[in-house]
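Below you'll find only one chain, the form predicted alone, shown as structure tokens.
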Amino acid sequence: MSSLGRIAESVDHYNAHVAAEVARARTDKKFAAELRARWAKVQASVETTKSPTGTALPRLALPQTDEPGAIAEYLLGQGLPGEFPYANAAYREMYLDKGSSGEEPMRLFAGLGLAEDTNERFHYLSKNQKSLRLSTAFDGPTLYGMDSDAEGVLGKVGEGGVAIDTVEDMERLFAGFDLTRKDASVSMTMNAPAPVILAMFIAAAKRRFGADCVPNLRGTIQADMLKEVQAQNEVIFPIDASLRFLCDMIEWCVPNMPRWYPVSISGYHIAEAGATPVQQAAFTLSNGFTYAELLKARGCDVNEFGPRFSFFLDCGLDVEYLVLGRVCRSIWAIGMKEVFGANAKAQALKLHTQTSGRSLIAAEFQNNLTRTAVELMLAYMNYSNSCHSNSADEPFTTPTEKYALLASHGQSIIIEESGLFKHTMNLFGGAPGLLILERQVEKAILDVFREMDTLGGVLAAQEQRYQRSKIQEAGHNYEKQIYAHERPIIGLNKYISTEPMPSVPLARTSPKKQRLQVTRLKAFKKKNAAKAPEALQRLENVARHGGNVFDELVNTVEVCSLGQITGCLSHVVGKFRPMV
């Protein structure tokens, strides 16, 4: 049995334990009295507040009961916010209006053109935010570890994301931002070359803030290679080497960057490739457990690396999204505790959510504002730690300023303007339908775990294309439902307008800027021509002899470009060959 089989058993055993404790609470008077006493303390600890219209509200919503069985079911089956099994939230208080001290969950994604273009968009998006939360999209060449001067890529430079070739580009990208601020956080959607890009980020920060700044850097880099193989395809190195480089980075970051999440285990791209909500959750969680296995096999302490894992889920309009984050937190907590022996910090799943890009429709595209608003509500009802809202014009273009601003305002209206979340924590929890849906979704996820377990676990299932085939099948079914009118899409297959397609401005990188990026890159290579060969040789030696590659990369990026580094590592470990 792989860890997935043991995790599924652990969740079943825990659920049976909860049911037994509920029954015990209703028959054992001493136990019932203990529960009532604990419940009274919890209730007494809840502060009260008032809505702007004067309604008195508790800062935490609790079931209005003193029945011991109901108390046991809530405390053990869901947990108070911030307590095992974390169904209600990873922390005791989130989103509540605390004045200037609280961090808003909004994390807006940006990436276009050259580094200074994205820097300008960062300043535009963050000017009205209390906290500094920057999330970065990279262009295609960068995602594949290619330099902007590589043959045949010039037209893709700066398209769909920012072009980053060197540490100097990284300096331009975050110019004017104090990355050492306590409330500063940087996210980078980068996978195959993630170790190189993070090393550039560290080197750029050290240039600006000094060598001692590294422990103060806060944020995350995606770096999730399993979902790349299963869904998104941005893979450079063979799977074993990719996982080795990722684990090297995690192992280095845990002691040296205690505020950094060196992996964001991502279901978003799995869902965007076609997976159902259940498949997204099952594959994402199972990938997370696999990373835990790989690190434990290296001798790493689960209580050290476990708290540095973060997760990233898609949020669409299917009903399962109403509980997906809640269920994922519970399964992760139980699995980490019972199978990996992790402590409370490593049990708490921290979640970033992005509204569904796949749900955005070109036809009557303004309806995407409503779709995204509904998805934001679902994301916040799951108490996502951070959230990105897509722009309505994304079916046509990289988000323009107008619709990026509207996407930002969508979150602000829900979190700041409305009273749905800022007065009372867990206001929507505990509804009978929600609990029924949780059980059904949890069962379906565990069924996927058990199926993968029979195949030998995540890596063995991946070799048999299990995850990829399931995602493709689900994506095909989704499209069939649309064309058969079984899945209504307003404006596309239902209530169709006769209005012509709108003229939408497109965000594009000009050829002049693309050539400027190449010119800068060539100047960097010329400046470091004498130092780069020696740096690459040192990196090659480390890679060949089993050393920590990331430890060396922090030095290599000072004088070598992204493409030079990936070329060097490919020379040592080879290149990824897609499975047929």
Partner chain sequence: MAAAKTSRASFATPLRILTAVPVCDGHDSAVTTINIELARHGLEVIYLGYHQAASAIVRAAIQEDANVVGISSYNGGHIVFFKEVVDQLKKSGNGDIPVFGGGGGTITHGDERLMKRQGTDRIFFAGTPLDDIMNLVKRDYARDAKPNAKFKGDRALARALTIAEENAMTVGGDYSKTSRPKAAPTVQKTGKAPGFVLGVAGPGGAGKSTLIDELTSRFLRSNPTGRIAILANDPSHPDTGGAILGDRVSAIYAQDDRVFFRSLATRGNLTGLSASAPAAIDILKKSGEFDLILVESVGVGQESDPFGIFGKAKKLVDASLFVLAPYYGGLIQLQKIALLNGADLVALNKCDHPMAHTARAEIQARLDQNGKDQMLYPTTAAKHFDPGVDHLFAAIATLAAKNS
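Worth saying up front: this structure is predicted, and the values here are computed from it rather than measured. Numbering follows the first chain given and starts at 1.
There is another form of the same protein, the form predicted together with its partner chain; it is not shown, and what comes next is about it.
When contacts are defined as a non-hydrogen atom within 4.5 Å, none of Gly69, Gly267 and Pro307 contacts its partner chain in the model of the complex. This chain is displayed without its partner chain, yet in the model of the complex the stretch 229-237 from 229-237, 299-307, 243-251, 314-322 comes within 4.5 Å of it by heavy atoms.
In the model of the complex, its partner chain lies within 4.5 Å of some heavy atom of Arg508.
Remark: Arg6 does not count among the residues lining its partner chain in the model of the complex, judged by a heavy atom distance of 4.5 Å or less.
Gln472 belongs to the set of residues with a heavy atom inside 4.5 Å of its partner chain in the model of the complex. Looking at His13, you'd find every heavy atom of it more than 4.5 angstroms from its partner chain in the model of the complex.
With the partner omitted here, the residue from Cys213, Ala344, Leu492, Ala175 that has a non-hydrogen atom within 4.5 angstroms of its partner chain in the model of the complex is Leu492.
Proximity to its partner chain in the model of the complex, defined as a heavy atom within 4.5 Å, singles out one entry of Pro141, Gly288, Pro399, Gly410, which is Pro141. Residues of 409-444 placing a heavy atom within 4.5 Å of its partner chain in the model of the complex: none.
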